[in-house]
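Same chain, two forms, each on its own as structure tokens: structure 1, then structure 2.
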Structure 1
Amino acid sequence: MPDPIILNFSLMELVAYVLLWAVLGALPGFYLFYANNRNPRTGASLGVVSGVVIGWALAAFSAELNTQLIVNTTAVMWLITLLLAATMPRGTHNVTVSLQQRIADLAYGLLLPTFLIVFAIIIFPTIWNLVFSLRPIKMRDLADASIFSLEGLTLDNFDRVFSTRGGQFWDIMLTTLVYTFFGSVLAIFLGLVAALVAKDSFPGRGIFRGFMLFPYIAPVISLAFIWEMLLNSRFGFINEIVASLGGTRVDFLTTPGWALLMIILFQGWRYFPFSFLFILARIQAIPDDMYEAAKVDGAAPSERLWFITLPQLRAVFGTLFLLRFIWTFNKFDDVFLLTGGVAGTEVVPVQIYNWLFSRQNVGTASATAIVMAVILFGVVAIYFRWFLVAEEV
């Protein structure tokens, strides 16, 4: 006999749980009323109320939060809703409200599931990340329900981010910025060269273009493996070539300096196809007249490239750099799989992972994630300002 008094939930956990049921209840309520030509907003409100009741009841009578329980009761709830939908008399909602209102209702109905997912997986966790970063939570606390509470807020985690291990955070941030900047630039540069090669037709151009995408679409895990094999100091193809040219074998992925260069090269290699396609599309949109006119004026091919093609690509470079910068800055898998963050290649996302799993410190991992997001936002804001000014000139 379960204890009817809620003992196992913290207050925040209970609120979150009931909120989840409220949203789950709103969905069938909305659709049920819409299908029966009644006001779907009333249906959604009723759904919220019944969802809160169900959520509260389940929370009160269950010993632990349990996925199976959620799945089962959701199924029952939707079944009841279907039955109700079949038996409920049709209303007259469509005669009483404006067409505009009905169209808006439909739009919200079509968007509700997407909203729900975005709320549950993006907005809700982000808020909790903020809370966790302000609380001293360790991995072992996950067994305890008090993890979702607002008590004992402190800035210790942020202190730890910046202070422990001799201010290493800024070293890691610098590594991240170097990796991000040069990785992005290299990806765009290689993309530009490949696009210039592919812009005029040559035999096998279609196949060439097809092959260019390989590094981009393949799973990162196998790409990291094959790089490890090629760079291996005992039997790696690259090291064999180095040795046959009279050089000494290098452990590229574990030697400081080389390792950072390798993750930058990997970044440039894996993502140049992305810039390649964008730049190629833009190059092909440059009108032929411009080249013809320049030719008539006596401009050589190199001058046409320098004075026509490249200036025309400036906006694409700007956009590509922004996108690549943001995505590289947040990138975890590439570095984690290639070097694991050793030999001076620890970037912030890898550090966050290490806080979480090596040092089992959830709070400090969250704080690092917040700091990372804020710095990224700052850099992007500066870039936007600088970029917009540059475009006006």
Structure 2
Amino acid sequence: MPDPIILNFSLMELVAYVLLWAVLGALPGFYLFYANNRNPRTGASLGVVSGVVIGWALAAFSAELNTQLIVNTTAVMWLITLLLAATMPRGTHNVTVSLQQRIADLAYGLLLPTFLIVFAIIIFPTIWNLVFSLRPIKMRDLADASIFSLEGLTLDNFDRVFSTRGGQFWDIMLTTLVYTFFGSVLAIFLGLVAALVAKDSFPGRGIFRGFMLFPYIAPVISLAFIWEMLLNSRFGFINEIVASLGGTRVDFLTTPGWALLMIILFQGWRYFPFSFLFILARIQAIPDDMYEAAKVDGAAPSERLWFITLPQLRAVFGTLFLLRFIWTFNKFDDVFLLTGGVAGTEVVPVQIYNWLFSRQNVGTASATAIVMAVILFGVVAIYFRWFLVAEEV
């Protein structure tokens, strides 16, 4: 008879396995007791014990564990929970605790699914990525790689990130920051212009507002293809205009300098509708009395814009810049589809892609992603500390 699978667990795998079953047991236990007006924290505690016992039994009496077995066991646990919920007599928990305690129980009940989803799709992959960044692992090693193994930890991946081709990483990081900053600012500026145009009533305003959303809702691959056709050096519309005016045709997407400018313009054009919606909503919330009073005082339209509209939009600008900076900093598809990262447009997400798929180096790709995340956290922390603008009440 084969040895039980639990005998082959490393310490990290055993800890992760126990935590998994503790969570799988705690969730139905919490809701079972909550639905029957009993102390849900007691139910969660009993569920933890039950889940760990069930998981231990599976590992102790099985020679192999797979996802299907865990899913089936979890489904049976929930089925038993539903049966118990229908037959268990209701308790008196609500009348024995304070209102604050009942509100806290409800908050836990509502937040638990969200927390588990966030942990499964964000926190756990981040931990996994961190472990891989400290291991010399290639693409061919993934099939046999242990997720929780801490053997062979090394900083070689980080050394490779910073030493490749004479400090290339910092050049790429500078390109990423330039692309991110100017792309974010351009998107906000275009959104402001569009919002100022669309705020007043005029024939066809609804159609105009809907048309403004086109760059944001259209598939990025089709938009990138259109831009490639427009900027093509041989038959592109832009170069046809340049040639008709006596200028020299330019391959905008493969010429250093021009290529970076084009992806910044594309970033601003594609994502300005997001800023447009935020800014338009805030402009429409500005009381008309402020504009009427300014008109009575003889303020010109430019003065009303500068002294009334823009100050009211400061908090919106701050929020938009933060969101757009984070999203643009992590952008991969726009740059990859337009230039592939050539001509001085390689940003960090594209470098991660190249490490992973071109060079088959999972460890170095993970290390690059970790460095990128740390730098982004630092920039965001600086923004929150010195540049965040709060809404004035």
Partner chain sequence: MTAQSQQAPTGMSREEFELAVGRVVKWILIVFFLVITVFPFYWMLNLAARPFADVLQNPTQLLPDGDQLATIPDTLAAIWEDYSFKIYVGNSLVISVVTVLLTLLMAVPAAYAVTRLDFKLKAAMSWGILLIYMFPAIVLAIPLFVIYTRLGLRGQLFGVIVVYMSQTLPVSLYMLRSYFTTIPVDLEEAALIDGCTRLQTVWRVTIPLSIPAIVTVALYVFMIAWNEFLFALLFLQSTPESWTLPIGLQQLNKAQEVPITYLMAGSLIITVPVILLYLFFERFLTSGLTAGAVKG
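Rigid core: the largest C-alpha set superposing within 1.5 Å between the two forms. The model shown is predicted, which means the values in this text are computed figures rather than measured ones. Each residue is numbered by where it sits in the sequence of structure 1, with counting from 1.
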{"item": "Structure number, where the criterion is the form predicted in complex with the partner chain", "value": "1"}
{"item": "Smaller-part rotation in degrees, where the chain is treated as two rigid parts between the two structures", "value": "15"}
{"item": "For P113, CA displacement between the two structures after the core is overlaid, in Å", "value": "6.1"}
{"item": "Per-residue Cα shift, V95, between the two structures [Å; core superposed]", "value": "12.0"}
{"item": "Inter-form CA displacement between the two structures at I123 - rigid core frame, Å", "value": "2.5"}
